[in-house]
Structures are given as C-alpha cells and as structure tokens.
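Shown next as structure tokens: one chain only, the form predicted on its own.
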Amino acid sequence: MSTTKTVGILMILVVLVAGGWALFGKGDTQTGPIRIGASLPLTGDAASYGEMMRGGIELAVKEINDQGGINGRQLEVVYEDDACSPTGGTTAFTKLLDADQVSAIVGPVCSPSAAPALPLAQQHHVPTLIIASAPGLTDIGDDIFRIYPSDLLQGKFAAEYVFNTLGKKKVAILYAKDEWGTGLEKTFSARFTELGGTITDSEGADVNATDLRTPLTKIKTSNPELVYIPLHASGGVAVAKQSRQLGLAVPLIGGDYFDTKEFTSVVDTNGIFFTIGKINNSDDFKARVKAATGVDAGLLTPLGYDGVEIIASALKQAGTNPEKLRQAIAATSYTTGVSFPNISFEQNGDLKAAQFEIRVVKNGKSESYVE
C-alpha cells in the first residue's frame, strides 16, 4: 500500500472518529458507563439534605443498572460537594462539566450554590435538574429544569396560610440575604399586603449570622403578631433562642431550610412551623431505600430518586446528544415517580403543578401539621 493511500485512509478514520464524537456527545464512546453528576451539600449547614438526596440517587442507579442499564450501558454517578455555598457550587460544576464530562446533573439543592453554577451548565448545554427553589433560576436557560416547587409559589402559600388560616394581619420578616431568602421575602410580602396584611418590619441577615439580637429588637419594637423567618438552619436556631431571650413571644414560621436535623434536633426549635413542598415518601419506598443503601429515606430522598429516573428515561429515548436529551426532558410527563403524582415542566423549566404543606418541629423531628 502506498504512503499516499495510507495517509488518506488515516485521514478518513480521523474524520469518522471526530464525527462520531460530535454526533454522540463530548467524550462519549457509546460503550462505557454513562456518567451523570450530582451536586449536593455533603458538608456544612445543609449536609442532611445531601444525605437525603444521595439515598434516593443510589437506589435509582442500582435499580436501573440491575435492569440492564441505559440501552445496555451502566449508569454511573459522580458526586460533588457544593457545601450549599456559591464557591462550592461553582467548583462542583466546573469539575463535573470539564473533568468528568457528565451528560446531565442532578442538583444543586441549595439556591446559593445554584445561582453561580447553573450558567456553567447552560454554557456546556448539559441538562440539569435542580431542587434549588429561588425564583429565576430556571430563567438562566433552557437546559435548566426544576423538580421542586419554586419559591414564587412557596412565598405565596406561606402568606395565604398566615393571613387566612392563622388570622395574623401584622407580620414582621427576618430573612437570609441570599437568592432563596430574598425571593421568599419578596413573594411573601407581595401576597400578604395584597391580601390586606401589614408588614411591620423587614430585616435581612447574612446567611451565616448567628447573633440576630439587633434585627430581632427592631422587629419586637414593630409589634408584630407573627415573625416570618426564611433563614437557613443556623439562623433559625439563633432566632429560636434569642427571640425568647428578648421576650418576643409571637409565633415563628420559616421555610424549607428548617426541614433538616441541624434545625429540628435543637430543643429551642420545638414548636416552630415551616412551609415545604409536599413530597410523597411512602413506606414501600422507605423500605427499598433502607434495603439498598442502609440509610433512612428523608423528605428529599424521593426527589433524588425521581431526578435520576427522569434523566434515565430521557437517555433511553435520546442518547447522550445534549440537544436531544434536553428535548426529551422538556417533554417529560413522569407519572410513575415517588415524590409527586406527575412531574412535567412549564416552558421555563418549572413544575406545572405543585403542592405545599405546613410542618412543625416536635420532639426533635419535623412532622406534618394537622390542625
């Protein structure tokens, strides 16, 4: 064979290989495992959220792989700890996207991690299913989908519950100054005043602040009938203790960050209410999680499971081509999940339907509140 022919054949092979990579996705040989990423808070103030999610993710992966995987290929999850922080989110996504070259991502759970990280996923055109609830996150791009209700709905639900059910007409707010806390403060305030209520005072606090006596003193002076406290766990614990010290003897109601053992296990938080998306978590599912992973299924565990199942279903239909995978997820109507009766998405990537509930801290745990 002549040198010229050899070079020509080699050039054709290079073109074919390159074309295959472009067709099937970045670094995808169509023979090895399909990798997806999980950006979770595995350390820090919301580590229990990460633990809950991981149990559901691992059960889904086990069941999928035991049934033959994705079109004959095994599913593999790469976990990254975003620590529920902005820098953690950016670091986690940079590794998942650039080093691990995952085909899709589940998470973040925390809005502070999601806000700076999601533009990276959009730039790489990697479909991402978030739990983070701050309004506007799904507006970052069409590769971003949310499998937990937006705070646009949670803040409205909280305001209606406080005004209509509890009958409180004068409310003060102490909120975390991040995407999540600010979003809830705005949506709660707008709906509460629309209903005819009065916001007596609204104070923002740094996410990591644990001395909140100054804003609590201002709030006490405003004479509210209730204080709405969309804070992270550490801030909520501080309010539970310091409000009593200051003699602020009114009901406290927070948001979904309070459904963590970091908050509920503290004696001072007993009796505090909070709003959260209503997520199904059946006894059968809990038993499956325990048998497969050895851990107990928490409130967010079903979301980890369903997130992986939605991605797996889309991968079976579309393969790992990013645009086809995005389209398959956007068209999802997932009716066999654990968390909600149906998961399908609005044009902006948010859930079409969502429900919330009131929970209360009782004996070191959160329980669904029934009046």
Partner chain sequence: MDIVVQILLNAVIAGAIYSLLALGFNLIYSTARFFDLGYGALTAVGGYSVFFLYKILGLPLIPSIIFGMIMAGILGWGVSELVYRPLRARKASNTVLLVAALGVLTVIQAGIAILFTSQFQTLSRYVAEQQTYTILGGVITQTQVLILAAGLIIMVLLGVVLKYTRVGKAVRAVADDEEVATIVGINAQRIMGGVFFVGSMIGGLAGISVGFDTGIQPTMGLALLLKGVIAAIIGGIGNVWGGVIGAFVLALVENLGAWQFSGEWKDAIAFLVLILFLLFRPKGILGK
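Residue numbers count along the first chain shown, from 1. Bear in mind that the values here come from a model prediction, so they are computed numbers and not experimental data. The term rigid core refers to the most C-alpha atoms you can superpose between the two forms while keeping them within 1.5 Å.
Keep in mind the form predicted in complex with the partner chain is missing from the figure; the text below concerns it.
> Has each of Asp142, Lys186 and Ser189 got a heavy atom lying within 4.5 angstroms of the partner chain in the model of the complex?
Checked in the model of the complex: no contact with the partner chain for any of the three.
> Just one of Lys278, Arg73, Lys218, Lys290 has a heavy atom within 4.5 angstroms of the partner chain in the model of the complex, so which one?
It is Lys218 that has a heavy atom within 4.5 Å of the partner.
> Identify which of Ala134, Leu299, Leu120, Val237 has a heavy atom within 4.5 Å of the partner chain in the model of the complex; exactly one of them does.
Contact with the partner chain in the model of the complex is made by Val237 alone.
> Can you check 144-152, 164-172, 204-212, 92-100 and let me know which stretch has heavy atoms within 4.5 Å of the partner chain in the model of the complex?
So the stretch in question is 204-212.
> Does any part of Glu262 reach within 4.5 Å of the partner chain in the model of the complex? Heavy atoms only, please.
Flag for Glu262 set to yes.
> Find out whether any non-hydrogen atom of Val250 is located within 4.5 angstroms of the partner chain in the model of the complex, and reply yes or no.
Flag for Val250 set to no.
> Wondering, does Val78 line up within 4.5 Å of the partner chain in the model of the complex on heavy atoms?
No - in the model of the complex, heavy atoms of Val78 and the partner chain never come within 4.5 Å of each other.
> Would Leu195 count as a contact of the partner chain in the model of the complex, using a 4.5 angstroms cut-off between non-hydrogen atoms?
So Leu195 does not count as contacting the partner chain.
> Counting only heavy atoms, which residues in 254-268 are within 4.5 Å of the partner chain in the model of the complex?
Going through 254-268 in order - heavy atoms within 4.5 Å of the partner chain in the model of the complex - the hits are Lys261, Glu262, Val266, Val267, Asp268.
> State yes or no: after fitting on the rigid core, is the Cα displacement of Asp259 between the shown form and the other one at least 2 Å?
It does, since the Asp259 C-alpha is displaced 2 Å or more between the shown form and the other one after the core fit.
> With both forms fitted on the core, give yes or no for whether the Cα of Tyr175 moves by 2 angstroms or more between the shown form and the other one.
Comparing the forms between the shown form and the other one, which are aligned on their rigid core, Tyr175 does shift its C-alpha by 2 Å or more.
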